[in-house]
Structures are given as structure tokens and as C-alpha cells.
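Heads up, the chain shows up twice below as C-alpha cells, two forms, tagged structure 1 and structure 2.
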Structure 1
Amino acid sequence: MIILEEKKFNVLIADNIAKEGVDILRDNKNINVEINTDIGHEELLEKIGSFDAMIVRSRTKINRELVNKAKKLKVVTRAGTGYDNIDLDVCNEHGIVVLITPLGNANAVVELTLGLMIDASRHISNANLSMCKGKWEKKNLKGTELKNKTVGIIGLGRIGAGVAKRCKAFEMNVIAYDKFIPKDRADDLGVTLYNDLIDVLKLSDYVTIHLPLTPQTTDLIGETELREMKPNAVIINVARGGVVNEEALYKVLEENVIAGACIDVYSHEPADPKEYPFIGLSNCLTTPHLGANTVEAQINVAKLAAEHTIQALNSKIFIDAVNIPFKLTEDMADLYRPYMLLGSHLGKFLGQYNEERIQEVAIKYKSNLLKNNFEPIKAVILQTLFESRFMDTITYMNIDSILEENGIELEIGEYDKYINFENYIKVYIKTENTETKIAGTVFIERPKIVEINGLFFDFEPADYMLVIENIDKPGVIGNLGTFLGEKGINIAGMQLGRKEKGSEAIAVISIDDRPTPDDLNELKKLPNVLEIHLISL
């Protein structure tokens, strides 16, 4: 009788995780665990060749040099949500699946939000400080109750929805602003959804933010928006520093325009009070990014990291994968790379050009290379199109289920009309009010955009682009050039498109520097300019 030896996998834990996660791995009979949380890069290069999987946090860097030596590596699991320390491109090339654990800390962030809200309403932190100083300031610390107050939730994803449920338990009136969540989902939560951010700011006693930081959400709430809030209102940000303009926040707090703020996140961390002068104001409660910093969250993250890793190794089930779980040879990866980049550019461009809630998406393509395996390109387009629209982490693996959950129809197919390109990808989105389309090609391994809404172009996407919709009249482009020159913004390239003389036209201007929100508002006021879109790749 021949006894087959069970497959064994070697897993390296390279950064500290909770013991509960380690125990799960050790209890699995076909997992050999090595813990080396102090391992340096040079030592890791020597040892990585013997491991099938790694669990890391933010310390360990997974770069090309390391992956090239990781001959057996199949899975990298990030115990947490952010994965800036992992080179996804090189992992894709080598068929290494990268997993994250976005569910592990959601409840911790929800509870911190409620804790800050209660603290702000009852002055708990200030009361404690005054007591420590030997004072008895009961009369000066009269608070307010949450019951019957209105909370405005900006971003109704997993965390925002969790906050909504808790606030309902406090008998609060819950309203929300989220451009990308269908009304049915808000209705299920008992939340009134508004289409205008200003309406929510005006109506709310508490405003709490649960959005990712993207080009569209950077400075989403600036001085103008803050001044629309009630004088008794409190704003809470436990999401990302930069969604609220921090200079404007200090200004309105210093002037007592609003009652207060609770801030857990900052544009640069660790936060220096010299850089953020609202730290220390009596009407501002600040914490050092405590959102996921609970015993339970760290245990949850460790357990999920262990479970994800085991399932990926044993069952090829990739839970919360952030890259594409198929193997491309080096040669195929080189062929696919410009198309992946084109797909990324098309998704990002379209997502920033039309910021309305998407109801339908269609992707059409023409390419002999991609004909038998369009999945990588589809995944990249959808991930980049929707990455800034939901607070939930969008991955290549969960995008289809997220689209279904939000009632977004998807159609994929070959382009069936004549087109004078050997390879061609066209993406259409439909919203309640508009239909927008963009197309691109790869020419000499370089992505190009060749069509926007039926107008034809030929330009390589740049880091920053201004897309101007205007009436086709003399002087428009001259005014734009003069304005940008006065602002010190250099024009790197320009493309113009129109259907007929005097009709609506589109100009795409590649620029070297990012304009400020005030610059964009001024641009919109130029004669014959209809709309301005800043595209940031």
C-alpha cells in the first residue's frame, strides 16, 4: 500500500499579529508556521524561497527584488486594509495572490465614531481635564442629548451603514449623502438619502464622514461647506485626513462658526500640532488615529488573515483578494501590461469625468490578444472605475458582487462595429441623466485615448488633465491658456474635439501641476465654458 504524503505549506509571519491568528495557522495540520517579526530585508531575500505564503502588516516590503527570489510564493496576506507596501504589478506577473482583511476593523471604527459623538455632546474629555486641574465646572459643561438630533452620514458604505444602525438605536434622525448608493439600500437602513451634500450639512446636528480619500473627495468639505453647517453642529472625521480641508476646519473652529469637531485622521501622520493648530482647541477633540486600534479589531484582523491564507493555499478560494488570482507568464505579462494600463486609465478617466451614480456599465473590446482572456482587463477597468465610489474596499475579486449589491448592470462583449484599430476598448456608463463613453487603444505599447462621447482624439493620458466642455467660439482656448499661465500651471499638451462649427466642444489639456479647487471654480466662470473636469491619474 502506498501512502500519499499530505501537501505541506510553509507560511512566514513577518510582522506582529495577534496570537489568535497564529493559533489558527498552527492548528492546521498541513501548515508549517515560522514567526520572524524582526526579519530584515537581506535575511528575507535569503529565506523567502522556501515559503508558500507570507502574512505581513505595513513594515515588510513586498517588492520586485523579493518576489523574484520567492520561487514558491503563492499568497501574500496583509493583516489590515492598506497595501501600499506590496507591489501588485510584480505579484500579478508571478501569479501571487494578495489578500487583505477589510472586515476586521469595521466595528471598531463604527464604535469610535459613536464614542466621539457622545464625548462631544456631553463634554466628557473636557470635564475630565478640568477635574484633573482641581476644578468643578458643572455649570460650564452642560451637554446635549443625541435623542431626536439629526446625524448626517457622508458615505453610506459598510462603516457608514454601521453608524446609521447605532444612531437609530439612539433614536436619532439619520440622513445621508452618498452619490453612489441606491435609494433602496438607504431605505433598508431607515436612512433618508439626499442628492446634495449642502442639504445634509445644513440639516445635521452631527456630520460624520466615512469616505475614501480620492481626487474627488480631497477637500470635499472646505470652508464654504463648513459655513453651511448649523452653529451648534459637530463634524466627525474618522475616515481619511484630507476629506475635510484642515486649514478651513481650523478657521471655522477658531471663529466658533460651528460648535466643534472630532478628528481621528490627518493628512500627514503622526500629526504635529504645529501643522494642525486645531489640535488643542477647546472645541476640537483629537485622537491619534485610533479607528482600528482595539484589542478585538487586531484579533479579528489576525484571525481573518490566517483563515484567508489557509483557504487560499488549500482550496484556491481567494477571499478579499486585491489583485487577479491567475498566473501570467513573464512573456504574457509583458504583452498584457499596456492593456492593463489602458484599462486603468479608461476606468479612472471615466469615473472622474462623470461622478453621477452609475446604473449600467458596458465594456466592448476588439483584440486578438485579449479575445480568449479579457478578464484581467475587465477587472482593472471596473476596479478603477468604482474605487472612489464606495467606502468598502473595491478589489478585483469582489467587484462583481458589489455591482450586483448596488443594482448596477454590467455587459461585456466584443466590439461588433467596424473600427480602424487593431485593438480597441470602449467603456460606456449610464446614469439616471446621462450616458458617457470613452475609448482607447494601445499603439507601440503605449495607451492612448481616442474617443470621448463621440468626439475623436489621439492623446496619451497624463497625470493631470483638464477636460473642458465649451461652446465652440473664438477665444475660449486663449482664455484658458492665459488663465493657466497666470496661475503658473504649464500646459504639456492639448487636444480639441467638436462635431460641427459653433456646437458644443471638448478640450483635453494635459498640465504639469494640479489646480486648486478655487482655480477650477474660476475656470468655470470663463466665457463659453460649460463644465470643467479635473482628471487625476
Structure 2
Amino acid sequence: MIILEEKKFNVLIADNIAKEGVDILRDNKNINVEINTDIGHEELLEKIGSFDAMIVRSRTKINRELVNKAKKLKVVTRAGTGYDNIDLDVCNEHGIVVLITPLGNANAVVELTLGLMIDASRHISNANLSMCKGKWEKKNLKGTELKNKTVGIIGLGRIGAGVAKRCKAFEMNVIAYDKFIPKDRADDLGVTLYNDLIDVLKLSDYVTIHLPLTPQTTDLIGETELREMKPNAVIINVARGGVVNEEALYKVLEENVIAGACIDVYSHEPADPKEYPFIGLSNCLTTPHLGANTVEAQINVAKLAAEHTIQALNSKIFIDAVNIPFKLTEDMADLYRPYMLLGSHLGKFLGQYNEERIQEVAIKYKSNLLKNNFEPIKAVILQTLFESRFMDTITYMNIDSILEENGIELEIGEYDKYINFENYIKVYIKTENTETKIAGTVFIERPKIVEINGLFFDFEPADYMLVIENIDKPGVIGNLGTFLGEKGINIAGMQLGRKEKGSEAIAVISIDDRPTPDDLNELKKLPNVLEIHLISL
């Protein structure tokens, strides 16, 4: 009799998770667990080759150097919500599935937000410090109340909505800025939705951030935005360092432009006060990334992380995967790779080109290969299209249900008109006032964009692109080139598309560096320029 050896998976727990999760892994007969929660990057590079899965929090960085050495790695599970410590592109390239556990710790983050709001308005921490110094400072520690004040919630996803409900209980006026959620959802929560971030900043006594860190949300609130806030206002960031520009924050706190800030998250953690001089200012309350740091949340996320990792390894069921949830054979994966990249470029491009609330999406394709299984491409297009909208967590697994819940219509089908490309993918979105479409093809394994809103192009998408809608008149492109040159921004490539002489045209300029928001505002003012979009991939 031949006894087949049972397959065992090696799982590394690289960050501290609760014992309840460790026990689930230890009790599974197919899993060997190694716990090394102090492991440094160098040691990890040496050891990673033997692991099938890793469980991490935000401390361990999963970058290209590490993934290149991770020859057996199939699953990375983040025991938590934010996954900005994981390079998703490189995991996609290697077919590594990334799982998160967003259900486990949202409540903990909501409660910390309220705790900080109350602390800031009643000076609880400052009072304690003063008492510890033997003082009795009633006069200096007069507070203000939450009741009847306005709180502006930036990002009304799961955590933002939880904050809204608690603030309602405190009889506050709740307003929000969120580019994704439908008005009906905000109405149900009793929240007034604004389309302009500045309006929310101007009106709020408390501004609280509940967005993931993405290229679109990095420095979302900089000096200009902070200076729009009321002088009595307090800003709270328990989401991610970098959504509020940290240098600008220090400046406005030092100048007392706003009353205060409560900061739990930093671009570099553990945070060094030398890097973040707002730590220690009397109008700034700082905590060491405690958002999810409750007994309950840590047990929840550890259990979910363990269960989801086991399921992913044993049965290829990928719960809360933020990337590819489908199994392609290795050969198929190689064939699909350029189309996955094209899908991701089309989704990201369109999502940033038209930032209005999407009501309908249609995807049409022509391809003998993709006809067999369009699911991976559909998933990548939808995930990248909606990721730049402000939702807390969009995954490949939940995108269909999110669209359904939000009443967004989706149509997928083969492209039925004649088109002179062997393979072709076209994505259309409809918003209340506009329809935008973009098409691409894969040529010699490289994704190319071939159409934007009925105008024809032929370019490989770059990391940064300026898409300029303009009137086709002499001098426009020259002015753009001069302006970018003066700002030291190198032009890597340029494509022009127009219907006829003198009509509306589109220029796509690939650039090597990201222009600042001020640069974009100045560009918009150039003669015959109608609109400027910055696209980053």
C-alpha cells in the first residue's frame, strides 16, 4: 500500500497577533506554524523561501525584494484592514493572494475616534499631565461640548458610518465628504453629503479622516485645506499618516490656525518626534497607532486571519482577498498577465479621469483568449475603477455585492462592432451628467490605450500622465511644455487626439514626476485649456 504524505503548509506569523488566532493555526493538521514577531527585514529575506503563507499586521513590509525571495509564498494575510505595507503590484505579479480582515477591528477604530474627540474637547489628557505635575488648573482647562457642533467625516465607509452613528447620539450635526457612497445611504445615516472637500472643512468643528492611504488620498489635506478650517476646529486622523500632510499639520498647529489635532497614525511608524515635531505640542494629542488595539479587535482579527489563511491554502477559497481570487494555471496566468495589467490601467485611468459618482458601468471585449474566462479581467477593472473612490475596503471578492448594494448597473459582454484590433477591451461609465469611455489593447504583450472618449490614441500608459482637454488652437501644447519645463517636470511622451481642426481635443502627456495641486491649478488657467486630469498608475 502506498501512503501518500499529507501536504503541510508552513505559515509564518511575522507580527504580534492574539493567541486565539495562533491556536486555530496550531490545531490544523495541515499547518506548521512559526512565530517570529520581532523578525527584521534581513532575517525575513533569509527565511521567507520556506513559507507558504505569512500573517502580518502593519509592521512587516512586504516589498519587491522580499517577494522575489519568497519562492513558495502563496498567501499574505493582513490581520487588520489597511494594507499599504504590502506591495500589491508585486504580489499580483507573483500570483500571491493578499487577504485582509476588515470586519474585525472597525468598531475599535470608531470608539478611539470618539475617545479622541472627547479628550480634545475636554482636555482630559492635558488635565492628567497637569495633575501629575501637582497642579490644579481648572481655569486653563475649560472645555467645549460636542452637542450641537458639526463633525465632518471624510470617508463614509464602515468606520466613517460608525463614527456618524455615535456622533448622532451626541446630538451633533454630521456632514461628510465621500465620492463613492450614494446619497440614499448618507440619508439613512442622517448625514449631509458634500461634493466638495473644502465645504466640509469650512463648516466643521471636528474633521475626522476615515480613508485608506492611496495615491489619490496621499496629502489630501495639505496646508491650503487646513487653512480653510475654522479656528476652533480639531482634526482627527486615525486612518493613515500621509492623508494629512504632516509638515503642514505642524505648521498650522504651531501658528494656532486651528485649535488642535488628534493623531494616531504616522507616515513612518514607530513615529520619531524628531520627524514629527507636532508630537509634544500642547494642542496636539498623539497616540501610537492604537486604533485597532483593543482586546476584542485583536482577538477578532487574529481568528479571522487564521481561518482565512487556512481556507486559502487548503481549499483556494479567498475570503476578503484584495487581489486575484481566482485560480489560473501557471500557463494561463502568463497569457493573462498583460490583459490583467491592461484591465488595471483602464480601471485606474477611468476612475481618475472621471471622478463623479458612477451610476452604470459597461465592459465590452474582443478576444479569443479572454472569451473562455473574462472573470479575472472583469474583477481587475472593477476593483481598480472603484478603488480611487473613497470606500474603506474594496476587494475583488466584494466588488459585485458593493455595486449591487449601491444600485450601480453593470453590463459585461463581447464587443459586437467591427474593430481592427485582434484583442480589445472597452470600459464605459455613466454618471449623472456624463458618459466616459476608454479602450485598450495588448500589443506584443504590452498594454496600450487606443481610445479616450471617441478620440484615437496609441500609447503605453505611464506612471504619471496629464490628460488635457483643450480647444485645438496653436500654442496650447507649446504653453504646456514651457510650463512643465519651468517646473522641472520632464515630459516622457506625448499623444494628441482630435476629431477635426479647431474642435475639442485631448492631449495625453506622460511625465516623470508628479505635479503639485498648485501646478495643476496653474495649468488649468492656460489659454484654451478646458480641463486637466492627473492620472497616476
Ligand code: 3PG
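Counting starts at 1 with the first residue of structure 1 and goes up one by one along its sequence. What you are looking at is a predicted structure, and each value in this text was computed from that prediction instead of being measured. By rigid core we mean the largest C-alpha set that fits within 1.5 Å across both forms.
Assignment of forms: the chain in structure 1 is the form predicted alone, the chain in structure 2 is not. Core-aligned CA deviation for Ala306 between structures 1 and 2: 2 Å or greater. Comparing the forms between structures 1 and 2, the C-alpha position of Asn470 differs by less than 2 angstroms, with the core used for superposition. Core-superposed comparison between structures 1 and 2: the C-alpha position of Leu45 differs by no less than 2 Å. The two forms line up on their rigid core, and Asp89 then has its Cα shifted by 7.3 Å between structures 1 and 2.
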